[in-house]
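One chain follows as structure tokens, the form predicted alone.
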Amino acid sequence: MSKGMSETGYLSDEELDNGPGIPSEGRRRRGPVAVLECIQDIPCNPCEASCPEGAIQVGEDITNLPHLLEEKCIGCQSCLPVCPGQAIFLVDESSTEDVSRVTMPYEFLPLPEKEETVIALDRAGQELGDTTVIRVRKTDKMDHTALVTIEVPKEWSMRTRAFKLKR
């Protein structure tokens, strides 16, 4: 068994496999869907409040883990910028056989630019390889959190959770 977040500072595959916010592979292949990598019982529920479809449920006790109702998720990205732990991502494995898109919150400057080559990182900060920025979205409503979408090889879609600029 691999070490978990309490020992390493990042989530293990086993912790994620048991998490109530991880969509099935079948759902990820049908289009963009939220991936909730929140496994700590902390008082928090802005993801639930932000979801216009009711696809995220925390419940009355706000220390409950968020549960994803994957069939209700429309991939609208409303939950991504409101998560204070930056533990929500959007994964879309529907585009081609080989490539997926991962959208993540990003709070650093400078922002990457569309079509810029960046280095994809896993949860531990280890380099996966070069990838391309597909979209950068930032609005006043998102309160200093940009959403960056990168295109990655399909086998990286559930591993890529950050990137670093090459410039």
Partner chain sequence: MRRCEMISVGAGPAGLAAATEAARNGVEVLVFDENDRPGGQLFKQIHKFFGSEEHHAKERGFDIGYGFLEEAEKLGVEVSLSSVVMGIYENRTMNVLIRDRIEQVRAEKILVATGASENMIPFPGWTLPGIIGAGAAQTIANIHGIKPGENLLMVGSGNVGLVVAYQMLQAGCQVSAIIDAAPRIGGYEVHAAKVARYGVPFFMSHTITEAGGEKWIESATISQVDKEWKPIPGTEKKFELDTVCIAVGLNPMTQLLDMLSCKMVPVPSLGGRVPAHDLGQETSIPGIYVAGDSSGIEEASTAIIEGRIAGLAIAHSLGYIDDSSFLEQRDRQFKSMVGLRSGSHGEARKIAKEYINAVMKG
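Being a predicted model, the structure only gives us computed values, none of them experimental. Residue numbers count along the first chain shown, from 1.
Here the subject shifts to the form predicted in complex with the partner chain, a form of this protein not shown in this document.
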Could you tell me which stretch in 24-32, 128-136, 66-74, 105-113 has residues with non-hydrogen atoms within 4.5 Å of the partner chain in the model of the complex?
105-113
Does any part of Val99 reach within 4.5 Å of the partner chain in the model of the complex? Heavy atoms only, please.
no
Is the gap between Ser12 and the partner chain in the model of the complex 4.5 Å or less for some heavy atom pair?
no
With a 4.5 Å heavy atom cut-off, would you call Gln57 a contact of the partner chain in the model of the complex?
no
Does Glu53 reach the partner chain in the model of the complex if we count a contact as any heavy atom within 4.5 Å?
no
Check Val118, Pro153 and Arg167: does every one of them have a heavy atom within 4.5 Å of the partner chain in the model of the complex?
no
For the stretch 117-149, which residues lie within 4.5 Å of the partner chain in the model of the complex by non-hydrogen atom distance?
Leu121, Asp122, Arg123, Ala124, Gly125, Met142, Asp143, His144, Thr145
